[in-house]
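Consider the single chain below, provided in structure tokens and representing the form predicted on its own.
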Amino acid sequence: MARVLLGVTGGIAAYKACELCRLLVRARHDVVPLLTPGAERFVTAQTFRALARRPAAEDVYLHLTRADLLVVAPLTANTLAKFAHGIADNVLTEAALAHRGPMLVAPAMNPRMWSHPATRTNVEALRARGVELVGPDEGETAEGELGVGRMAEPGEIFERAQELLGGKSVLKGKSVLVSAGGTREPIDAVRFVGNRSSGRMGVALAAEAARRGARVTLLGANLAVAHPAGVEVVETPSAADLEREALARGADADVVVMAAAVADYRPAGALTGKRPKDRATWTVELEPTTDVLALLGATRTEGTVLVGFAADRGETGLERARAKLRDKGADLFVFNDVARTDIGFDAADNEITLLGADGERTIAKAPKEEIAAAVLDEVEGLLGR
């Protein structure tokens, strides 16, 4: 599954984009429709939202998030000119400037507009930047003229989109296991020992792996964010649950990413009922849990890429992460500094240091979706060796 930005501009062929949206969704892609004001004179945004199965309220900056492909169908002469000259005056043209990936456009306009020297110059400017064109086709246009200017058929555009998406990721067809969230260890029937992890980072990793064509299983420990589309989710609320599922499924995975915050300790003897409040002190004895990552490192199948996460504080925490890389049998460790309040726990952004056999590098503060992409870029490099 890939994330596809679907741009629709203000031509009569806008109605055909509905079929293209349906084909992309049927192929299990995450489709984000981006309509220009002109497009909404022909087909409403609500129509595309329903076809793409988008929730009613979404991030207003969704058009600026990382995507695998930008498709624009139909592409009018006006928006084509804006793309060529870097004009960003609506969500689609903003998305085009921010997009860092393949771009596929299906021009549709009057034949004389298509053949005009200004349009030809703009087309060549886009081609020089690597933009792919499909069509336009020859035939009768809406105003009754014959010539080249009709938008290519939705099926043809869809097939070209599939070609651009297919085979570009080393993860395509691979089995990926991701853990996310924070485990909770019961003290009694209603209380637990837990942590602040929301699961946002692990969910972003699972979603990104799925977009790259992997078969993804997500071990979710009390997630505070929505499950990603196209991913099998297995609930693992406690450290014991996560240990059981990770060991059972990790042996068959090509990649294991342990992003969950797994409890290091649990109550030695949880009460079956609720302990009533009184004025007496309550001492709870904690015992260590199994080090799931170290166990995976010791038992993993040859060729499996194992990624660990270390949420710690400052330079001392980074040094501990280096030791974990040496001691736990992982290929890659991701360190994030939880001393900062603007990244990590309870935050939409993160800043990490990647530690591997080839050295270390810092990924600057960015949305967790972009951080996930950077981590998986590193994983793909390890798989490709």
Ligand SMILES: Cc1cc2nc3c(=O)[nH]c(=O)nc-3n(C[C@H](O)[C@H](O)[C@H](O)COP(=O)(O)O)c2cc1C
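Counting begins at 1, following the sequence as shown. In this text, rigid core is short for the largest set of C-alphas that superpose within 1.5 Å between two forms. Everything numeric in this text was worked out from a predicted model, so none of it was measured.
A second form of this protein, the form predicted in complex with the ligand, is not displayed here; the remarks below concern that form.
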### Task
Identify which of K82, H99, R300, R191 has a heavy atom within 4.5 Å of the ligand in the model of the complex; exactly one of them does.
K82
### Query
So which of Q162, T121, N78, S115 reaches within 4.5 angstroms of the ligand in the model of the complex, heavy atom to heavy atom?
N78
### Message
Residue-level contact is defined here as any heavy atom of the residue lying within 4.5 Å of the ligand in the model of the complex; does R322 satisfy this criterion?
### Response
no
### Message
Test of understanding: in the model of the complex, would G10 fall inside 4.5 Å of the ligand by heavy atoms?
### Response
yes
### Message
With the partner left out here, check for me: in the model of the complex, does some heavy atom of A108 sit within 4.5 Å of the ligand?
### Response
yes
### Query
Wondering, does L69 line up within 4.5 Å of the ligand in the model of the complex on heavy atoms?
no
### Region of this chain that lies against the ligand in the model of the complex, out of 25-33, 40-48, 349-357, 322-330 [heavy atom, 4.5 Å]
40-48
### Query
Quick one: which residues from 227-260 get a non-hydrogen atom within 4.5 Å of the ligand in the model of the complex?
none
### Query
Taking the rigid core as the reference frame, is the Cα of V334 displaced by 2 Å or more between this form and the one not shown?
no
### Query
Taking the rigid core as the frame, does R212 move its C-alpha by 2 Å or more between this form and the one not shown?
no
### Message
Given a superposition on the rigid core, I'd like a yes or no on whether A106 shifts its C-alpha by 2 Å or more between this form and the one not shown.
### Response
yes
